[in-house]
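Okay, so here's just one chain, in structure tokens, the form predicted on its own.
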């Protein structure tokens, strides 16, 4: 597959051509030295003798000029590096909360999580990493992967387009299933609103298994700054239990204080478990997440 073909967006609204062009310049980074399994875009921690050509990727500042394909440059006037089987990939696992609480907000948390997963997955595919996607708590969807190389972009986007947030909890059990099924640690990124506190203890398993993990809390503007007023009956999106409340300015302030405490406790739990943690809102541009947050935390470079 040519680099030009790899940048095409095929039948999905989750990624656009401008975003993909920016993502091409990013690469997945791990804070830990992890074993790879196939040809990839970085030196292997294991010795090997293979030099089989695998793919191209666009040149980025700091890359080794000796790996530039000058024949391709003569045709396109753009710099691309050759990737060989001497290098190895690592596995990127993207875990997406598919419980019903994610299907709230404007824009919805589930749509934003799918867009962020698409962008993260593309960075992995373009870097010749093995990409796996897991729907946590979904009733219908099944995991996909491992996928490797830009040729699988369409398949990844199709899976994300079809993903439904129809689960009713059981995030803890889903995380346990993931950890039990993954024999080799890699990079893991969890996308969830993390409003189910009893799930937090399961995050410790990622540290125990030595995954390089980032927990991304996805919240909507309504989660952070509720606009409700008056006497209302609130319905839990997962349990379907209702609660009659009178929304006052004082109640909103108490809610925001409780949310701040929840975020602080979640951040502490992640730090104790060896995870990175950040909070995003669904009204933030995807590239802001990469440029100001994930890059600053060493998740991408």
Partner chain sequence: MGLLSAGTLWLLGPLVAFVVALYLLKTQRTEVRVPSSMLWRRVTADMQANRPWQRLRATALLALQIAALIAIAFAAARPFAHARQRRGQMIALILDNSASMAATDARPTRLRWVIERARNLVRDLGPADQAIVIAASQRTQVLSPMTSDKAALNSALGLVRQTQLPSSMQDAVALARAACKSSRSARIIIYSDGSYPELPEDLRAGLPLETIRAGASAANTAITLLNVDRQAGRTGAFVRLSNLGHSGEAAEVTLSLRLNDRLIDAREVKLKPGQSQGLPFDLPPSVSGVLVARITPEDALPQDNIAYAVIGRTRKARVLIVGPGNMFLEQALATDDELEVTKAQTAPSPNKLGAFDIVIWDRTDAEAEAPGAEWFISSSGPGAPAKTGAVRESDEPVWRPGVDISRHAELSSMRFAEFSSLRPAEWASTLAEAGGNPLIVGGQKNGMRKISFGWDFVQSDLPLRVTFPILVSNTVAWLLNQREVTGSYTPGETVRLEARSKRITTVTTPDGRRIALPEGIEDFSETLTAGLYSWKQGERTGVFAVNLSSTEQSDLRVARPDTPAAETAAESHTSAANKELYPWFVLAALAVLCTEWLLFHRRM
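A quick note: this is a predicted structure, and the numbers were derived from the prediction, not measured. Positions refer to the first chain, counted from 1.
Unshown form predicted in complex with its partner chain; subsequent notes refer to it.
Contact check for residue 180: no non-hydrogen atom falls within 4.5 Å of its partner chain in the predicted complex.
Contact check for residue 90: no non-hydrogen atom falls within 4.5 Å of its partner chain in the predicted complex. Although the partner is absent here, residue 173 sits far enough away that none of its heavy atoms falls within 4.5 Å of its partner chain in the predicted complex. In the predicted complex, its partner chain lies within 4.5 Å of some heavy atom of residue 261. Remark: of stretches 137-145, 158-166, 97-105, 111-119, the one touching its partner chain in the predicted complex is 97-105 (heavy atom within 4.5 Å).
In the predicted complex, the residues of 203-234 lying within 4.5 Å of its partner chain by at least one heavy atom are, in order, 223, 226, 228, 231, 232, 233, 234.
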